[in-house]
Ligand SMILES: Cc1cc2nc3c(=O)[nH]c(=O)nc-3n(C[C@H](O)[C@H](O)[C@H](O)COP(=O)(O)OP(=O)(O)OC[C@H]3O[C@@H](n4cnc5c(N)ncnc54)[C@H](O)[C@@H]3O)c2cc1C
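First, one chain by itself: the form predicted alone, in structure tokens.
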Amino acid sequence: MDPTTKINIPESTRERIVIIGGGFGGLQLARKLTRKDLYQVVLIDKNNYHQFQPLFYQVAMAGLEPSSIVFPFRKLFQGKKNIFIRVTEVTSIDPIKKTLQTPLGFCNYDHVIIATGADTNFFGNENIAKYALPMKSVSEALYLRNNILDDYEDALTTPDYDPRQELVDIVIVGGGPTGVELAGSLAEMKKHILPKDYPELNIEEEVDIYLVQSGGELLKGFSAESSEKALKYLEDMGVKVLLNSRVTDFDGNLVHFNDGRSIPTQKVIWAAGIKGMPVDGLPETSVTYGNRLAVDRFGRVKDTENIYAVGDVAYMEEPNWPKGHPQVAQVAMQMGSNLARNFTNRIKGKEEVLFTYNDKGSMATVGRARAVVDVPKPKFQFGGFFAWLLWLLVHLFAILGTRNKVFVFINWVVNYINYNQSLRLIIKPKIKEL
């Protein structure tokens, strides 16, 4: 389609708010705005569905089907006449003309909210970017699942020990919640599933799971007690945790470390960092730490007008968070809610409200009946079965759609009983020859 044409969106007497990205922040903002018919809302996303990112790792580990953690935007907004959804990407923004450029054409705006989230940060290492496996989308999680299962199938027909080790050993880089949860899930797969599915392999002796963390502790930002507890859980499950170790290179067959060590493997799962994804066309002064957009307490992007940012792409400082907020779903959703409230206040002539993050705590699961929870007010932490149960409940209620909640709950119950859902399918798209 000709990018110089205008996207087909009906004109309105109401001001137009364009939201770029349907993640936690953008979706929360859109849902709040569509409850009151005060603005024309346009939601632009490259997918036609919302992805529940905290459970990507369970799709990758064959614990859940992808359809269980996604929800179509159009179904969510059925009956809402003041929102228009367009499945495309925003390639650039023109703050002077107040237009957005997309492959479908351009779109005018009165206000635009950038909620594009974050992408994997490979820290400039081209080899790692080429060969490592990221997990920032459902499609990447499904690709990782296919890759893991494919390699175990190949291991059955690989008689030599060293080439087989490259296929069955897995290195996870990054000791945050994603890395910890992945490592725990892989450890459970190694113990309970692989011996049944691949009895020809010597799983206990040959399969090694490594979790690499550049710092001296796991779960940075959690309490020291939770960090130590997570480490103990993983080590008890057989995960080889390498603290104070930094991966410097990966060529597809060998992982290299800063101290000269190396580990043979064909699978490196990269969970070591993220960077913001701002839209091209903004002033250079708007971009700050971690490739994020500097915003004030109202969400306005620095050195711009009528341009806002929420979620992982936004960098906001406040007294209790002088180095910015953590890039987690709760921050994004609260930013979206606050911005929606301010847009409503603006129409009604009320004063706008400064954003203040309400930290409800942090949690991470390591495996069945193993999790850690940090509660800030009153400050305390706990782990074990009740922490794991709380993690399940919080995530279950946060998933969109009754059907998805039911399917996820059933899968978790089956997994708790016997670890043996029949979801370990290698599903690949058919490539049509031209």
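From a predicted model like this one, the values you see are computed outputs, not experimental measurements. When you see a residue number, it is the position in the sequence shown, counting from 1.
Although it is not shown, the form predicted together with the ligand is what the next lines describe.
Every residue in the set I44, V90 and A115 has a non-hydrogen atom no more than 4.5 Å from the ligand in the model of the complex. The shortest heavy atom separation between V255 and the ligand in the model of the complex exceeds 4.5 Å. At the 4.5 Å threshold, heavy atoms of L234 stay clear of the ligand in the model of the complex, well away from it. The closest non-hydrogen atom of T34 lies beyond 4.5 Å of the ligand in the model of the complex. Within 4.5 Å of some heavy atom of the ligand in the model of the complex lies at least one heavy atom of Q53. Only one of S245, N342, Q327, T304 lies close to the ligand in the model of the complex, with a heavy atom inside 4.5 Å, and it is Q327. Checking C107, V173, L219, A332 for any heavy atom within 4.5 Å of the ligand in the model of the complex turns up a single hit: A332. Screening 61-69, 398-406, 374-382, 45-53 for residues having heavy atoms within 4.5 Å of the ligand in the model of the complex returns a single hit, 45-53. Residues of 4-32 lying near the ligand in the model of the complex, listed in sequence order, are I20, G21, G22, G23, F24, G25, G26, the criterion being any heavy atom within 4.5 Å.
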